[in-house]
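Take a look at this single chain in structure tokens; it is the form predicted on its own.
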């Protein structure tokens, strides 16, 4: 019975011990060495970390990060990935929320002095080199006391009040999700993943634990390559990558620079995208260049362990037609709710709500925010059942597939009409010459503002939109930028754009 994520490592190490599991630009580790390193880290943590406590992992994204995650899991504690380049004030907010006593890092990673004064700093290299009495017996004692309901990790997302929210996810949720992920997309020991997303972003959970569960191989792609599309595609070929699960911004960069016209990833079999809406025009460019690849659109929040819906793309889509987010993942149900009413009719808008064991426990030491979105299922009157209200709006299309519309706070009322900004963005994305676009609403001036990157002008954009949108949905202001800003997760940085252009 699998009850802890390290059980995957124990099983896989027996089958594929000598096989390389994870690689970064400087190092690699086999499953056998991974097990040894993780258990050494665990042994070094035992005296300082009680079961169920948070342990910060603050280091450059590397193989050592994964060793640290698993080392924490062996102790029965839970890990919290921290971006080492994150401003100190944000790290401090996270530390204050957690009251964490221990931080794992590497010798060469720079940790601010302020953190060193408030937290015990342990270097994983020191723990790996140390000698511990009764190491395995002490670890097994912790593991016997562990159950699948224990937290595996906490990932901090942004908070509307400026205070980050720590989403606490159990081993049960990770295992349930990993089993669905591997079975649905038929991963096995021959899969070679190219990890793009940061480890403090929930999407990375898929690459890490699918590799561990299947005995596959995962390459950590150097961050600099995501601004060098030609070298990025060369990397995919050099490493014989078979599967990528990336944010749309990374995929769009490759085709916007016409990279696939010069070199195609010869070994690639599966392409997934997640985190934000994939512009259909750029998706079609991928499909024309690699028609035999299997594509999937994934949707889901951190609060549901990553993805709660998926859509295997098998039919054709016009450039101005949104790609559905599809159907609920196995052992998960997605409800469209209008208030407390279930939405079932085609074309009717509802909020995406999720039920099932994929749900996180809530936000660490933040009961108010937890109670706002993790609520009683209004459709279940006979016993207590939680659902998570995502704040995202969707509808069913004629095929019975879910289609994402926008955030609830992206639904605006303009000139007496209720408008989904996501619909305008889809239409913008289909315009010739536009690489990326987004919209927001200037409530003070009552204007729809469009920001776009590309080789076109406002007149051409308006002419295109007039054929696809009613007049009241055409943006009132167009802003052309040299390059669309992206945040640390690789998504369009909408907050920065609003701060820049809303006066």
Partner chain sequence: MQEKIMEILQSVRPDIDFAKEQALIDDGLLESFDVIQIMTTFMDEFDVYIDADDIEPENLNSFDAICAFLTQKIGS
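Residue numbers count along the first chain shown, from 1. Nothing here was measured: the structure is a model prediction, and the numbers come from that model.
A second form of this protein, the form predicted in complex with the partner chain, is not displayed here; the remarks below concern that form.
Peer 1: With the partner chain left out of view, choose which of 259, 411, 143, 302 has a non-hydrogen atom within 4.5 angstroms of it in the predicted bound form.
Peer 2: Of 259, 411, 143, 302, the residue with a heavy atom within 4.5 Å of the partner chain in the predicted bound form is 259.
Peer 1: Though the partner chain is not shown, can you say which of 147, 130, 121, 415 has a heavy atom within 4.5 Å of it in the predicted bound form?
Peer 2: Of the listed residues, the single hit is 415.
Peer 1: Can you tell me whether residue 318 touches the partner chain? I mean in the predicted bound form, with a 4.5 angstroms heavy atom cut-off.
Peer 2: Heavy-atom contact with the partner chain at 4.5 Å: absent for residue 318.
Peer 1: With a cut-off of 4.5 Å between heavy atoms, is residue 268 one of the residues that contacts the partner chain in the predicted bound form?
Peer 2: Output for residue 268 is no: heavy atoms all beyond 4.5 Å of the partner chain.
Peer 1: My question is simply whether residue 250 lines the interface with the partner chain in the predicted bound form - judged by any non-hydrogen atom within 4.5 Å.
Peer 2: Taking the distances in the predicted bound form, the answer for residue 250 is yes, it comes within 4.5 Å of the partner chain.
Peer 1: So in the predicted bound form, is the partner chain close enough to residue 229 to count as touching (4.5 Å, heavy atoms)?
Peer 2: Close contact exists here: in the predicted bound form, residue 229 approaches the partner chain to within 4.5 Å, heavy atoms only.
Peer 1: Choose one stretch from 456 to 464, 61 to 69, 46 to 54, 31 to 39: the one whose residues place a heavy atom within 4.5 angstroms of the partner chain in the predicted bound form.
Peer 2: That would be stretch 456 to 464.
Peer 1: Flagged pair residue 449/residue 396: C-alpha distance shifts by 3 angstroms or more in the predicted bound form. Which direction, closer or farther?
Peer 2: Distance between the C-alphas of residue 449 and residue 396: longer in the predicted bound form, by 3 Å or more.
Peer 1: Hey, the CA atoms of residue 257 and residue 479 end up closer or farther in the predicted bound form than in the shown form, with the change being 3 Å or more?
Peer 2: Compared with the form shown here, the C-alpha atoms of residue 257 and residue 479 sit farther apart in the predicted bound form, by 3 Å or more.
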